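First comes one chain, alone, set out as structure tokens in the form predicted on its own.
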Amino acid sequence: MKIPPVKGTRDFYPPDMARRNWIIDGWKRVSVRNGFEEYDGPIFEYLKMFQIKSGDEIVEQLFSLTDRGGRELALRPEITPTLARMVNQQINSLPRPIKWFSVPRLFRAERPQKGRLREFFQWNIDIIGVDDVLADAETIFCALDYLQEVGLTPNDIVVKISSREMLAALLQSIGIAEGELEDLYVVLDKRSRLPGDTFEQMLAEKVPDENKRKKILGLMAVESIEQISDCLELNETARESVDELKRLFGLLEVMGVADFCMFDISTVRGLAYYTGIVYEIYDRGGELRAIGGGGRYDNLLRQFGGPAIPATGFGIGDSVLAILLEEKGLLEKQLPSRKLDYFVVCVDEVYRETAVKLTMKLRSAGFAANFSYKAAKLSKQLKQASEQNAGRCVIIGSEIENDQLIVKNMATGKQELIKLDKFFAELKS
């Protein structure tokens, strides 16, 4: 009986593993050059931790279990609560600002779809302790630094940016009560993915008052930050948030990534803990799910028993990113091929142990080396070496009795007879 993998999970055969490592290695490289330090946490946490952040309804969206001690646990669907817990534990000893990144394996009990799996990897970048829009701009730049490195241009992707604080102030000025905002955000978050009449019908269910609804639809139709004041009279909070957005776009211009970015008032992010700037990254064609997204979450650490500390960050998953890179033809051509420094060829079983010993010496010296498990014709072993992309072949035959071996350059085809001691001396140099 063959047992298939669980739906929504992936097997990583060597070629798939090469793609995964290439993506993750890039995330780590870009994080470090942007001044971030890596952290990680346990793969499961107390279920209550995710309920505190996202409410009791989160239980249906994750994999939870009760251990033998009766404790309710859950496989982590995200790592931000773990980050908050870890920072709170050492809040008085951590130097600020805290600039951390992580590449966790995450789990969500969802219906698998294109670009949405039950198990995936996610790149998380966070800055804690900076109450300035410059930190938000830096996280956006960091995401775009990586996306540019892998070959994506403003013609391929767009960062849609807005402000939850601004939107809350504007909606409250229309007459939406503070307690009604979160339910309304859920509807507004779906606007770009729904037909117009479907969106208006869902909005009517949340906002029965036609006059308020017209004002909301007018607000959702604005295409620039400047148009907001033409649509509604701004209170002090809304004005401050609008000014903050203008400063953010100015900083993104200074950072050289403004061409990737646009204002989109309907970008609200589905999670309740965002408090200010929010953004999502999409393919320009809008054919895929969001590549990633993030924003400011100034209250999260306090929710987990810590002090009120400003924080901002983003997450980018590997699933949608890989699909986009494949569709753009950017993935396969950038993957490093398997490469050996040496392949040791033994054409006579008599010299098998010598070949093994030489291979181990090469490996101990720091070289990638391999050999054939069976003595075979020279041509067959040279073919193996070529398939494994070996730079050189070391051919061991009767010459070894005179402390000599043959070294063949696989790129040029040139080969030379060389003394063993000279061979190892050249390796060290």
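Quantities reported herein were computed from a predicted structural model and do not represent experimental measurements. Numbers follow the displayed sequence, beginning with 1.
The form predicted together with a small molecule exists for this protein as well; it is not shown, and the discussion that follows is about that form.
In the predicted complex, the small molecule lies within 4.5 Å of some heavy atom of Y274.
A residue is said to contact a partner when one of its heavy atoms sits within 4.5 Å of a partner heavy atom; D136 fails this definition for the small molecule in the predicted complex, lying far away.
Remark: R247 does not count among the residues lining the small molecule in the predicted complex, judged by a heavy atom distance of 4.5 Å or less.
When contacts are judged by a 4.5 Å heavy atom cut-off, L147 does not count as touching the small molecule in the predicted complex.
Partner contact region in the predicted complex: 293-301, out of 293-301, 256-264, 160-168, 204-212, criterion any non-hydrogen atom within 4.5 Å of the small molecule. Exactly one listed residue, out of F101, F120, Y185, Y342, brings a non-hydrogen atom to within 4.5 Å of the small molecule in the predicted complex: F120. Shown without its partner, this chain lists I316, I216, V87, L358 as candidates; in the predicted complex, only I316 has a non-hydrogen atom within 4.5 angstroms of the small molecule.
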